[in-house]
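Take a look at this single chain in structure tokens; it is the form predicted alone.
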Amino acid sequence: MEFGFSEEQNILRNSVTDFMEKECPPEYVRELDEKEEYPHEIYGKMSKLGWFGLPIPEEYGGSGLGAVDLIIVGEEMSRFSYEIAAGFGISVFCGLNIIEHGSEEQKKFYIPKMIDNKIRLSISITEPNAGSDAASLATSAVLDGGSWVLNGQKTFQTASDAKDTVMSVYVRTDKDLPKHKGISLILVPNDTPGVEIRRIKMLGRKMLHTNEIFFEDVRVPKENMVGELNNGWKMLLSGLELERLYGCSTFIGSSQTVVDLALEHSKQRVQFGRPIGTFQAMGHMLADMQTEVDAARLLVYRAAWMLDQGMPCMKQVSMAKLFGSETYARLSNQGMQIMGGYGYSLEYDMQRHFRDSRIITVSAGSSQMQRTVIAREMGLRVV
């Protein structure tokens, strides 16, 4: 079994690291977080390097990189900012969904604009009564002549308020079919008349913004439907392994930064005449933290390798998501403990990791849902 990267992958890793060190230093990330500003500038610079096209097939203007390559990008990017890495992934994976299920006209219209950062893409699924049970969504779309008319509400939607965003909205198009069968996917620009987006103030995730969206007689052309009518549930699940693995890569990159910050503090902070890291209680805590990061990393890259080989890997992906998200949340809490009052201060970055990490055991498939998936893959009929 090969644990190293190819020469091309090492070049990719180094190029991402070099770019982020230059363009995304801690001061820049801290400023965006404090001002709660969407990172338009950094995404514009990424687009000039073609990053938004990295996993897009070459025939549509991308580079066609595989799962392991994309995980490398996500891990290195998230070492500098979990949110910036997450926002990058949202557009990319909505674009890949259009590649997989959209018409040629949709691919040629939306994908080049996404790669060039002329538009952003976001996903809209969750509703007040449809969270983990996503198939219970009730936002409706009715065909009226040449237009779809949308009515309903979405909540906890990430980055849907960014300028020039096209939302991938999952809607109910047939109420008489079983709940998994009557769902479709429609593309809705966020400035369409009848769309109202309200910001939800959150503990963390300050840059990307979390929103609730109201649709009142929103009209979009019937050509904005992606794929087949009432086939939205399959589209929602397709590509889930790669999307979730990319999220896992942001957990391990951010977790590594948490360990690095805590380790540096433990070397510099002197109490009782010696650096606190030389006390066994601290030293063992940091050793355990690094071990957990490496374990999470191995789970992620194993699943990514399996995906690149075309092997079934839903169980492995769920294990990586479960362990990776809980590792980031747990380690950021331990990092706060190690740094003491400094960790709690807004002048230091540990508090941002503490805030941002708390939601990831809930979002994109909660820890409880991941355990259910793993148990079912083990042959247990868990309900």
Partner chain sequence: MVEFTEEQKRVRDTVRKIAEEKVAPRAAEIDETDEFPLDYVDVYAKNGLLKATLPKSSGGLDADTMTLCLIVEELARAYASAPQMLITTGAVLQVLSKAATTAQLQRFLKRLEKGTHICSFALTEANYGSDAGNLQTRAVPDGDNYVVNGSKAFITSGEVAELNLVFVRTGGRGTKGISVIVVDKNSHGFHVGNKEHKMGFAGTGTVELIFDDVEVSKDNLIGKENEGWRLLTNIANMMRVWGAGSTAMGNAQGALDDVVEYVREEVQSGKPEVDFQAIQFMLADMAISVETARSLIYRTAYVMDRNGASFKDVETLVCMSKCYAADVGMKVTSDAVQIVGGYGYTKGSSIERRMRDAKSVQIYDGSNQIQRIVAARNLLS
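This structure is a prediction, so every number in the text was calculated from the model and none was measured. Residue numbers count along the first chain shown, from 1.
The same protein also exists as the form predicted together with the partner chain; that form is not shown, yet it is the one meant from here on.
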* Only one of K118, R269, H180, R302 comes within 4.5 Å of the partner chain in the predicted bound form by heavy atoms, so just point that one out. => R269
* Which of G64, G50, G44, G340 has a heavy atom within 4.5 Å of the partner chain in the predicted bound form? -> G340
* Is F156 a contact residue for the partner chain in the predicted bound form, using a 4.5 Å heavy atom cut-off? -> yes
* Could you tell me if R30 has a non-hydrogen atom within 4.5 Å of the partner chain in the predicted bound form? -> no
* Any chance V362 has a heavy atom within 4.5 Å of the partner chain in the predicted bound form? -> yes
* **Heavy atom of M282 within 4.5 Å of the partner chain in the predicted bound form** => yes
* **the partner chain in the predicted bound form: contacting segment from 303-311, 157-165, 196-204, 255-263, heavy atom within 4.5 Å** => 196-204
* Asked: Mind listing which residues of 319-339 have a heavy atom within 4.5 Å of the partner chain in the predicted bound form?
  -> N333, M336, Q337
